[in-house]
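You are given structure tokens for the same protein chain in two forms, set apart as structure 1 and structure 2.
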Structure 1
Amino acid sequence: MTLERLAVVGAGSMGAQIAQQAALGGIDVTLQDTSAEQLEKAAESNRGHLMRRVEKGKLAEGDAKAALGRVRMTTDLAEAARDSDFVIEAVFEDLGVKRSIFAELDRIAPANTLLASNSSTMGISKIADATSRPELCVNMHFFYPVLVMDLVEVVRGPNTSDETVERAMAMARAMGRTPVLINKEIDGFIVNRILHAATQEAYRLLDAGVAGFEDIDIAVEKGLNWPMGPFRLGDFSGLDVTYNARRHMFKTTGDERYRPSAQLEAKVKAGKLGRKTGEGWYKYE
């Protein structure tokens, strides 16, 4: 199955890299964002990532320039979607915003265009009924940084068709990524559900004064062979992302196991969000 025309909605860190990874796979992409400034930042960031690969001898300069050239930028959603076979939404985790975007995509995209959401916390059933094509809607959860992380979780909604699942799996493979299929919607999907269980226990140990965050990180890195301990990983991903995911899981399930850590909440309210703000659990240059 050949899918030549892809649109990515949202040019933040996730959307920008999803678009660029697809372009590295030879796919023509239109990257859309309402902010022209954000599109410029996305283009600059992607160019930097690819040029660093060229400098290290991991990517030919001609291939890098070709991949950069396959990503077209626009602030017009209709321009991005009206000729697309496949759309991946990658905006921030706000259900109302996602439903609004899907409703608009349903109106402007061709009738057979597949609509995927990159959401890591919201099953597609919460979004698909904003469209007239729930059978063509699916979750495709990429992992940050997309240009490095190989996995894509493809999550079938209650109305997602088999053909849509096959198309989503095929798109992930065409992008050079490894898809796994989740046949039943569940909060947190696979990876985040397991990760949340492990990291939540780390936060409980911290809140109880059992050990400091640095020692917990060292124990996990050396004892479980994780590349990063839970607190260092939180800084890398963004503590606001971790906190919002915890809060969503807690509100959705009512399960006390998912209640955000008091110390995590304090970090977020203080604006200490990790690497992107220069300080989280650790301090950064």
Structure 2
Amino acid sequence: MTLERLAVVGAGSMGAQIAQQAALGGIDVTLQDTSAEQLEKAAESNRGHLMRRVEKGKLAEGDAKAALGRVRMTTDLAEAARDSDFVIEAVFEDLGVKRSIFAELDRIAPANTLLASNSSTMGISKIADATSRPELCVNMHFFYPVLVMDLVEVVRGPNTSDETVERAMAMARAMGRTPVLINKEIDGFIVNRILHAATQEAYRLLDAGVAGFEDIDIAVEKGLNWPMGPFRLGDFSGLDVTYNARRHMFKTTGDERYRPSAQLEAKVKAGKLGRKTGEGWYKYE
């Protein structure tokens, strides 16, 4: 099978590593961002990750250099899309921005180019109708950090064709990632729904005074063998991320189960967002 040429739009925490992971799989990638500074940061960060693997003896130096060389950077969307068979969009979680990028990609990219979005919350049907090719549009939801996390949720919209689904699954595999197929657009897809359900229960236990957050984390880590309990994981991803995700789920479903916990809200309002601010549920050096 010939590898599809890939363009990744948005070089933030997700896009930079999606591009690098694809290049590790031997795929030629163009990484585009409107900010040249962001592209430089992405290149530097990816070099750091791959060189650490070389130092640890996990990756041959030649392979690291080849994978770094396979990612071309540009600020020009037309240049990125013109010669691509496959585009993965990973810009800010803003519907208007994503729709205008998809509309522009539709004008520039070849007629058979597949357009995927890495959105965590927007089903592809909200974006695909900004194009004339909704059958070629699909969600590919990667996990942070992409260079480490093996899973990709491929979510089909009502108009996504079988062939597009197969191409998205094949792209994920070519990148060395394991895809799962979700047949219906659903808020939170699979992983975040299960994570939300477990996290919500943890907050309910905390808010009801049943146990402290450390004991709930220990119970989940030792009893369910999860690498991190819900509070430690919240600190790791950012409590603002957890809080905003719950608010979004609560707003879109109206389901009381998703109402954000008062204690979580208090942490976010106090700017205690987890590791990145030095304190969340736990304190960090």
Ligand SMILES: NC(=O)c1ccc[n+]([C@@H]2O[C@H](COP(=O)([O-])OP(=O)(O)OC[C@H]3O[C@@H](n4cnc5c(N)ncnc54)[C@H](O)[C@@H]3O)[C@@H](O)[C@H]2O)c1
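Think of the rigid core as the biggest set of C-alphas that the two forms share within 1.5 Å after superposition. Residues are numbered by position in structure 1's sequence, first residue being 1. Since this is a predicted model, take the numbers as computed values, not measurements.
> Tell me which of the two, 1 or 2, is the form predicted in complex with this ligand.
Pick structure 2; the other is not the form predicted in complex with this ligand.
> Have a look at Arg177, Arg99, Ile190, Arg107 and flag the one at the hinge, given that one rigid part turns against another between structures 1 and 2.
Hinge located at Ile190.
> Can you give the angle, in degrees, through which the smaller rigid part turns between structures 1 and 2?
From C-alpha superpositions, the smaller part turns by 10 degrees.
> Would you look up how far the C-alpha of Gln263 moves between structures 1 and 2 when the rigid core is overlaid, in angstrom?
A shift of 3.3 Å.
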